[in-house]
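Only one chain is given next, in structure tokens, and it is the form predicted alone.
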Amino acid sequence: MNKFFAIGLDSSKSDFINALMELGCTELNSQESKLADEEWAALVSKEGGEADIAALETKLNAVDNVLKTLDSYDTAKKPLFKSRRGISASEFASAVAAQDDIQQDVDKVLALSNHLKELQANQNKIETAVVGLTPWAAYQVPLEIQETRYTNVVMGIVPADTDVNAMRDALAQATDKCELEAIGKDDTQQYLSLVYFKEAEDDISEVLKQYSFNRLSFKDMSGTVAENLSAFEAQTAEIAADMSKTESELSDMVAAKDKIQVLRDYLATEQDKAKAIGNLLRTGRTFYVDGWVPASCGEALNSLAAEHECYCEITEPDKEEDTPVLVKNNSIIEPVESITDMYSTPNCHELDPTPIYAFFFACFFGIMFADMCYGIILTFFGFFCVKKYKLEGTARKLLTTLGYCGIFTFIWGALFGGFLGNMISVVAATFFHKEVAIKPLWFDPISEPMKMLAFSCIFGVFHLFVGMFAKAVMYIKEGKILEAINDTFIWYVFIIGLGLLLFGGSLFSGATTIGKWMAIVGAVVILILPVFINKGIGKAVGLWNLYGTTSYLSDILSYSRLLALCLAGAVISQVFNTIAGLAGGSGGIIGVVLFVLISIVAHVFNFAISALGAFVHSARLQYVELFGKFFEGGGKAFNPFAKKTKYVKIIKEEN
């Protein structure tokens, strides 16, 4: 990654920014830090353009809302995975040229959507009014009549457990100039109508307080309750018809969704351009921009600058300077970058871990998931989805990685003799009363768990050694040879020596003696070497390093999870197969149907939990055990200034 800056005439800035976006291989820096510098601030000012950016943001939000609305009325079958559709540059340009017509469609959808919201609001308002009026259906007095010359006409509610007769008697004792009528009742309250002379207001109010009487009023309504309910019913029918018509028009507008998506992506690119132009520094007649460019794109950037009569200078960053990180791997390794991205972007001073662990991730997954049938299913699913849905980005990488894992799952399934557990044996015994079994090409982990444990730990040691070697490579590139020996190569000697000392007797004669001397030499060098590397108290760090042996032992034991998950998936499969075999043994069509149903449900469940476990634990072995040896992460991913579209992929046409 190299630094660049470019200076050009103000009249060419728009064309230059457009060309940079088409080039798509530069990351533009923010210029705020330069504006904070007194020397720069005295010479330049920021381009600005906030009004243009805000206007584009408003349009973009409106189009996004329109697309969200149309999605809810799109009855077409949704794909399992979303992907951008390909569109030629000329088709994109034609759509952009017709943006005024597309904008009319956007405005129409917005108007229909807003009208529908108004209708829904009115419908909700009517529904609320109907709910409030329904208990008063038997009330005959027009709602606008709340008093006469001499009387008050009151509507109100009391709790459902109120004794209305006792309330009526209490009112009669207070005054004989009132009439109380029960209109209705539900689970929570009773609805009452009260007419009384105004002169008895004080006496009536005192009694009403005792019975928790709450007055109600329907000030905005006139006519009887029945008349209002009838009017609301008619209004509801009108609103329903209008809503149906509006929704039908919105459904018809779904046909314009593809064009609106193009407009949305165009507005997004225009907004990015406006932000880039607004970030430029300018004098009276010139502009200034700087950023990052991959070394491989330097010539293209220089050519572009010359074409637009701009001065461009590209320089290498300082050795300790942090730069954006652009990771490049071959087509086989590149999909596994999705696993690295889940952890962190590599920083610019270290190795990309993806090529180092790609094989191990898929291999560990295959060991833990080991089943030929599961491997076939996973491989087909991963590669089929990538090809069928033309996926891009993280989705393509992750599903391709799962396809790789499926291949290794099949291989290890063949080595361990697993095909839906022991399904072949169960089917043969249940329905054909014969003994048939798939023999493992290597060994059966269920029958020989200690052999599987030993293999897991040995494989784990190799995995750790690879991580340590990556650290040594980084040291050697920095010229730190002693550090490479101290942190890596002497540990190879010490750990291998311990292994031979403890288990070499079962390998060959003399292995124990060799292991003893390797361990002794390794321990001595681990103690002494820091004296030549560190200063001060750091010279005594060798003793602490030797204590770190316990850490390596715990790391190695972590690989026992290969055994654990391999056995778990295999045993669960066999248990389910046994249950299915017992059901199928009942004979006849019913037995066959039960066997098939139980097998499908059981193996779908086992496939899901075993695949999830294999993925998580394989990633864990990389993140904790391997990355802990050499990888720090924390880098900033290279973010090129390019056309970032959401719905369409613009395909450049060959001349």
Partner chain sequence: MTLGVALGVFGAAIAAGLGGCGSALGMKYAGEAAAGVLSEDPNKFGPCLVLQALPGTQGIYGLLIGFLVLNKAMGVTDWHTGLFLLATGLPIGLVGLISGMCQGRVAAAGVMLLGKRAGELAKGMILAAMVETYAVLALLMSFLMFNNI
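Positions refer to the first chain, counted from 1. Please read all numbers here as calculations on a predicted model, not as lab measurements.
Not on display, but discussed next: the form predicted in complex with its partner chain.
In the predicted bound form, at least one heavy atom of Tyr623 sits within 4.5 Å of a heavy atom of its partner chain. Though the partner is left out of this view, Tyr343 does reach within 4.5 Å of its partner chain in the predicted bound form, counting heavy atoms only.
Taking the partner from the other structure, its partner chain in the predicted bound form has no heavy atom within 4.5 Å of any heavy atom of Val130. The shortest heavy atom separation between Phe605 and its partner chain in the predicted bound form is within 4.5 Å. Residue in contact with its partner chain in the predicted bound form (any heavy atom within 4.5 Å), chosen from His617, Lys629, Lys34, Lys59: His617.
Residue Val575 is the only one of Val531, Ala89, Val575, Ile520 with a heavy atom lying within 4.5 Å of its partner chain in the predicted bound form. Only one segment in the set 118-126, 185-193, 276-284, 560-568 has residues whose heavy atoms sit within 4.5 Å of its partner chain in the predicted bound form; it is 560-568.
Along 430-468, residues Ile446, Ser447, Pro449, Met450, Leu453 each place a heavy atom within 4.5 Å of its partner chain in the predicted bound form.
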